[in-house]
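As a starting point, one isolated chain is supplied in structure tokens, in the form predicted alone.
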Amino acid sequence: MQLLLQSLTLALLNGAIYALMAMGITFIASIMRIINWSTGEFYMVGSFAHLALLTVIFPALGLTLPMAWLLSALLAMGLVFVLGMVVQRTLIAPMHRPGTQAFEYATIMTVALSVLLQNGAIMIAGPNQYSVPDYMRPILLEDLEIVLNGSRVASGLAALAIILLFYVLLYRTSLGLAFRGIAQNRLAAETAGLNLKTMDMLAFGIGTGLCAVAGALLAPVFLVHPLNGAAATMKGFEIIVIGGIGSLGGAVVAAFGLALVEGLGATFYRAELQQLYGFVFLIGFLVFRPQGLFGHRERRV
């Protein structure tokens, strides 16, 4: 029973961070009608930014803040948010030029961006793996006889807080109302006076920022290296397919479901097959509910 409770707790905390990744992919897809194939590389950039801030920049400045890990994760998200806006305005926005095949252009550009960021990281940091030291002590729940990784607990709680703030942005602000209007009908939103160029730039920045903070929060759990975004990208796309493409709520539910399947499988069967459990979970949905949890069947005439 103690092992089950420990596995469930850690799986739920991981699910919150997985949800950030999936929400970043889904948000960009909903607003811009494209798939960002460089998602994992923004996750990677976020993890490297977190590592650099926490282990190099903060110590060099003499900063010994009790919550330095959280500050560095938020700064990593902010830096990638700005990077995402610059990338969208310079590289992605030209897809709307007359005569351009928008979806094909965005696909080619984001794949090329993925290769560029990967090789740029290798040039700067080398093909090495780095470890972010645990910044929290283990948490002992004496009554339940459970020991939890303190860094993972802190990261999971921070991820839950960011998810909550993101939903407040979407459903309690005028900016969120504008985003939801664009997601429903881009032409109608533009007719109503919204500047789609600016909104696309903000959406891409927010989506990549969510992916980056997921990379930062998972940095103490997984190693930081130039190719660590590949696995994160696969998990993100697994989640959005299971939840239903375009559904933010579905992405959150599917993220927790995937984390539970992986966590329970690794605990009670074989840990080395953890990645396989997610694919089996995905295949089951593709067979029995291909539109995902909250997706809808497409009607063709």
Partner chain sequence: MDFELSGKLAIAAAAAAFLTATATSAMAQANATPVNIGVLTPLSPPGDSAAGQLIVRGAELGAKYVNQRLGGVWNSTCPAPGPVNIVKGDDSGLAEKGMAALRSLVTNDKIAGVLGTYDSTVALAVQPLAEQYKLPLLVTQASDDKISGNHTKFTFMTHTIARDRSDVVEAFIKSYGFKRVAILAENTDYGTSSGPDMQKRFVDGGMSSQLWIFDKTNPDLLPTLLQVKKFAPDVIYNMGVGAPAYLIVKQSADVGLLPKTPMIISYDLPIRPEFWRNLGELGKNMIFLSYYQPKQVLTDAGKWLQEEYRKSYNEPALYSSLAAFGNTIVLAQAMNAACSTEGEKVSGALVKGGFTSWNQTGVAFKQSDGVDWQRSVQPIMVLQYTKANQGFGDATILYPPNMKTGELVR
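Source: prediction; values computed, not measured. Residue numbers count along the first chain shown, from 1.
What comes next is about the form predicted together with the partner chain, which is not displayed.
None of 228 to 236, 34 to 42, 241 to 249, 57 to 65 except one has non-hydrogen atoms within 4.5 angstroms of the partner chain in the predicted complex; the exception is 228 to 236. The partner chain in the predicted complex comes within 4.5 Å of no heavy atom belonging to residue 205. Residue contact with the partner chain in the predicted complex: residue 86 places no heavy atom within 4.5 Å of it.
Among heavy atoms of residue 275, some come within 4.5 Å of the partner chain in the predicted complex. The closest heavy atom approach of residue 132 to the partner chain in the predicted complex falls within 4.5 Å. Distance criterion of 4.5 Å from any heavy atom to the partner chain in the predicted complex singles out 223 from the list 141, 223, 108, 82. Heavy atoms of every residue among 10, 14 and 122 are located within 4.5 Å of the partner chain in the predicted complex.
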